[in-house]
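Single chain ahead, by itself, as structure tokens, in the form predicted on its own.
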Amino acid sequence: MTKFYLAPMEGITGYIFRNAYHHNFSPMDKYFTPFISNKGLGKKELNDILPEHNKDMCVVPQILTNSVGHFLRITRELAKYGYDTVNINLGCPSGTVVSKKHGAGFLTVPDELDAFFEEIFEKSSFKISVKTRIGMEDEAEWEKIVEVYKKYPFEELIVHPRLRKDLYKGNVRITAYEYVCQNIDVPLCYNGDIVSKESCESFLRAFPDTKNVMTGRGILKNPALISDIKEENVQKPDKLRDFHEELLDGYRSIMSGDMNTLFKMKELWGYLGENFAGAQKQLKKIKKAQKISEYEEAVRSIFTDCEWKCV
């Protein structure tokens, strides 16, 4: 049976989002937190991983670093809260991240990556998974990166088969995923353009041995995506309203002032709005809203007057 994971998306899929999703739609088998950087567990990161903020969910903290010392310090802190598994981010394509040889940038120095893994596996008792792209500029880089991954007993390898230069554009490089399937024994998870029941089924037909699938933007556009894939009988418009209200209330409870909450909700509608027919006028009002009351009026109009195309 296929297992489904929620991708970590910085600024979006924190614990408020995870809880609202988990309570209203088909629960994910695993939720991955937005990355914890070299700065470690600040107030925001601590709130995100606290067990009381993640009840009844399997949550895996993600770490963004190329430093063994920072990795070990962060895992020691995480262990205090009951964690024994982490994910390493080797996929973030952000220019500021890559320039420091973090995220996808770490893939440019496979020898250093190899030495990093050798030391953390020697010094840490944590179970370790990796979320990775296939290189920076050229698909030919992937073969050497896979040779590094083959050496270590990863809990899982989550592969987004795009180069850093691809960002999130264009088709995934499916031949790179075929290559890793044929050349590694580590358990694999696929990530990339799972945005509909049809796209998921098409992938699983092509790769029946892959049992784990991760999606991020697909869930933001259609929170009922996994319910669709599983063919669950869900009252989706009602659940979408409930999800939205829980999310809005959650952000309002931790943020001061309307604008901070509106920033979060507007970001969501940049994805969610694509699936409402005839909602252009309301979406413009959401974008321009300066007060929660203005925002709520526009959202009520969407739910009342516009058709959700994912029904």
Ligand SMILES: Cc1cc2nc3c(=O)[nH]c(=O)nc-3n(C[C@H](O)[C@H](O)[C@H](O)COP(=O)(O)O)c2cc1C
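A residue's number is simply how far along the shown sequence it sits, counting from 1. What you see is a predicted model; the values in this text were computed from it and never measured.
Quick note: we don't show the form predicted together with the ligand, though the next part is all about it.
The single option of 74, 107, 214, 226 touching the ligand in the model of the complex, heavy atom within 4.5 Å: After the contact test, the surviving option is 214.
Partner-contacting position among 276, 269, 251, 35 - heavy atom within 4.5 Å of the ligand in the model of the complex: By the 4.5 Å criterion, the partner-contacting residue is 35.
In the model of the complex, residue 121 touching the ligand (heavy atom, 4.5 Å): Heavy-atom contact with the ligand at 4.5 Å: absent for residue 121.
Partner contact for residue 192 in the model of the complex: the ligand, 4.5 angstroms, heavy atom: Residue-level check for residue 192: yes, a contact with the ligand.
Partner contact for residue 302 in the model of the complex: the ligand, 4.5 angstroms, heavy atom: Residue-level check for residue 302: no, no contact with the ligand.
Partner contact for residue 131 in the model of the complex: the ligand, 4.5 angstroms, heavy atom: Residue 131: contacts the ligand in the model of the complex.
Answer range among 141-149, 236-244, 113-121, 192-200 for contact with the ligand, defined in the model of the complex as heavy atoms within 4.5 Å: Stretch 192-200 is the one.
Those residues of 1-38 which, in the model of the complex, come within 4.5 Å of the ligand by heavy atom: Heavy-atom contacts to the ligand in the model of the complex: 7, 8, 9, 10, 12, 34, 35.
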